[in-house]
Ligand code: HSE
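The data below hold one chain only, encoded as structure tokens and taken in the form predicted alone.
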């Protein structure tokens, strides 16, 4: 390894994903340093409740996010708080202080794309968000390689909770029973609205459309809730050799984008029809590159941490800027 100075990383948030990032630093520090081509150092993590027990190695913690943002030894801020507030202001503050930002925050990126990218450009720092869509599955990196093509559509399964519920209903469970099972298994939150009403998938779909160079906003995505899907509709689909999955689809026609999220029939033998649990499936249809499909674990602490640390490593190695719209 060359004798380059170490890069300091500060974590904003130490929940499931943040703790997985911290544990990976503790367990694989030498591997991360070799991959980055320089030493990486986890400086500290900001949390809301410092008294809450966590399995996150021995990373120092603070309740004050600005203790991290104002620390001159922190070069990269990793934000895994989620939501728009206070994450939006913390991103802008990080750029103002000359920090790179890595995030898994799909809602913030989808809603505030222009503002955040402009702030990154003005600060000459990088905004990276591979973990915001499909966790460890490199769909954003894949989408960025399609610049010479004219993308025609992007579609897929972008929400593991909905996919789990659909796979259980396909096996005969009612919606309520499948949702309860998803909550017990840790796939669904106590309030599953964002997942089953399509908000989570809409945010991710918008990010993919923006990466492909088209304008989009979550408000423009037509959403149909999974709540109204009946066991009888699954049984009828299965009888025809088909099944139902909650799909996210964006059709790109020149500068026009038609985007929707909701339950639709798919072939039972397709990758989408065979998916269950946290599996994500994303397909790009293009003119030059043809049809490209990505599949893999789209949720979970370790998978999301893998994507986050991939972005950290890319910054450390001086990768090309990811701030362009």
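Because the structure is a prediction, the values reported are computed rather than measured. Numbering follows the first chain given and starts at 1.
Below, we refer to the form predicted together with the named molecule, which is not included among the displayed structures.
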Mark residue 103 yes when one of its heavy atoms lies within 4.5 Å of a heavy atom of the named molecule in the predicted bound form, and no otherwise. no
Mark residue 195 yes when one of its heavy atoms lies within 4.5 Å of a heavy atom of the named molecule in the predicted bound form, and no otherwise. yes
Residue 175 within 4.5 Å of the named molecule in the predicted bound form, heavy atoms: no
Does any heavy atom of residue 253 come within 4.5 Å of a heavy atom of the named molecule in the predicted bound form? no
Sort through 197-205, 145-153, 81-89, 229-237 and report the only stretch with a non-hydrogen atom within 4.5 Å of the named molecule in the predicted bound form. 197-205
Quick one: 169, 243 and 273 and the named molecule in the predicted bound form, is every residue within 4.5 Å by at least one heavy atom? no
From 247, 188, 76, 120: within 4.5 Å of the named molecule in the predicted bound form by heavy atoms is 188
Which listed residue (56, 299, 69, 43) meets the criterion of a heavy atom within 4.5 Å of the named molecule in the predicted bound form? 299
Heavy atom contacts to the named molecule in the predicted bound form at 4.5 Å, residues of 146-172 in sequence order: 158, 159, 160, 161
